[in-house]
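Take a look at this one chain, the form predicted on its own, written out in structure tokens.
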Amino acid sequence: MDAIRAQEGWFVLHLFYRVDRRLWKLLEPQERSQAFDCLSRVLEKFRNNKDCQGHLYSIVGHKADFALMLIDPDLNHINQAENAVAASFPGGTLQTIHSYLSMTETSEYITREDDYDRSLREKEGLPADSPVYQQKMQAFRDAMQRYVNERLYPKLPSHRVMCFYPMNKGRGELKNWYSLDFETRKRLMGGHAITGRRFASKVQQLVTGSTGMDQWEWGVTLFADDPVYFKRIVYEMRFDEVSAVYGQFGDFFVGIHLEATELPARLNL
């Protein structure tokens, strides 16, 4: 089947599962072992494809037993992978209780080259043909290219814990994000980004767009080795006007990174 690829960015699929323990107990020991062996093979096969990344997490709390986070340049392939996971377990024993589809994207509020050019010329007084101007402009272009690559084509970290949640910008009668002019939105998002950068050494963030793909507008995935930073970064960001006034949040899922071979023991299966 022909690949379905976007002009830019990769597809990101979060899948949340629960094992029906009543049906699981009815299985033969060999069937149980084969289910997890098959899951492990499916995940390994997926990871062996170019630019495909897959991580597995044991979910803390009642919302799910475990989750997969898959990144894939091809929508057909990621769909085949999720169906292969479902087929790994005997019928009815594995239930998909939640999923979220989104795509990697860059922010529309980043500094553009013409903005930086104006800043160099007007604020710093640098002529466009000066060596200092040229050096600073090239450094800016290099930094922007790294940013674009990191946002559109990210490499998932293998941190110990993950936190995922969806979010919207509010459309209330009195406060509507989409009725604000672009410069106001850019200013508010700039302050939000400053808060996030304070946690750059502790938390890695992946913000993916889901407008037209899922119920919410964005999916936010946080990675860290110490989960306390999930609480701190989300708390601090909620004081930013962009969150305090316009932010709307869905359920939060927290997972512990595991390999598929570790999952049966973790789930006591």
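We number the residues from 1 along the sequence you see. None of these values were measured; they are calculated from a predicted model.
Unshown form predicted in complex with a further copy of the same chain; subsequent notes refer to it.
You can rule out all but one of 138 to 146, 193 to 201, 110 to 118, 164 to 172: in the predicted bound form, only 164 to 172 has residues with a heavy atom within 4.5 Å of a further copy of the same chain. With a 4.5 Å cutoff on heavy atoms, Cys52 does not count as touching a further copy of the same chain in the predicted bound form; it lies far away. Mapping the unseen interface onto this chain, Pro90 counts among the residues with a heavy atom inside 4.5 Å of a further copy of the same chain in the predicted bound form. Although the partner is absent here, Ile71 sits far enough away that none of its heavy atoms falls within 4.5 Å of a further copy of the same chain in the predicted bound form. Although the partner is absent here, Glu44 sits far enough away that none of its heavy atoms falls within 4.5 Å of a further copy of the same chain in the predicted bound form. Along 47 to 72, residues Ser58, Ile59, Val60, Gly61, His62, Lys63 each place a heavy atom within 4.5 Å of a further copy of the same chain in the predicted bound form.
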